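Only one chain is shown below, in structure tokens, and it's the form predicted alone.
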């Protein structure tokens, strides 16, 4: 009978944040070989007594010291199963796309890496491919869903939302048309007028908006087309 190698099942988390008007991903410095001291996505091998999502949350805690909380969003991305993706043996990884709008990280072993500065082949394993897949998923969901609210506070200025779309999609957005379209499809709603924000010179007071739904909702079509 031929020997059968049992593949290792793992999870890798792509945690996005907006920092200095750039879309960034959090990376941690690896403490062990292979690729010791290289920056990589947080990931762990899945234990027999945990689900994939439990493994993703554990990866965040063990590698980034992040406890899962209500403002942290995770969704399963894709499976990565290239034959030689890990030099230690046969592994299959399930990626999780994450968004965290609340925490600021100061650990010297954690960095915010602007996705535009990640050179091809610069990360260990197949983490470049995983990040590229996550970025494309995020861009698509920004055009078909309300996932943008995972980056923002519960109430926001329309300028903040427009800036977010510019950063993620890397394209210009007409503020007035954008606001009117999102109001028309009832993705956002006006919450209040910030009269206190008007200075001595007067002018129109800004409005605060919020998303109409907290759960991820899909639109019938690309609302930016």
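Numbering follows the first chain given and starts at 1. Note that the coordinates shown come from a computational prediction; the quantities given were computed from them, not determined experimentally.
Quick note: we don't show the form predicted in complex with another copy of the chain, though the next part is all about it.
Contact with another copy of the chain in the predicted bound form, defined as a heavy atom within 4.5 Å, holds for exactly one of 60, 27, 187, 46, namely 46. Taking 142, 72, 78, 135 one by one, only a single residue has any non-hydrogen atom within 4.5 Å of another copy of the chain in the predicted bound form, and it is 78. Residues within 4.5 angstroms of another copy of the chain in the predicted bound form, judged by any non-hydrogen atom, belong to 47-55 and to none of the other stretches in 62-70, 156-164, 170-178, 47-55. For residue 111, no non-hydrogen atom is located within 4.5 Å of another copy of the chain in the predicted bound form, even though that partner is not displayed.
Looking at residue 152, you'd find every heavy atom of it more than 4.5 angstroms from another copy of the chain in the predicted bound form. In the predicted bound form, residue 104 stays away from another copy of the chain, with no heavy atom inside 4.5 Å. Not displayed here, another copy of the chain is kept clear of residue 208 by more than 4.5 Å at the level of heavy atoms in the predicted bound form.
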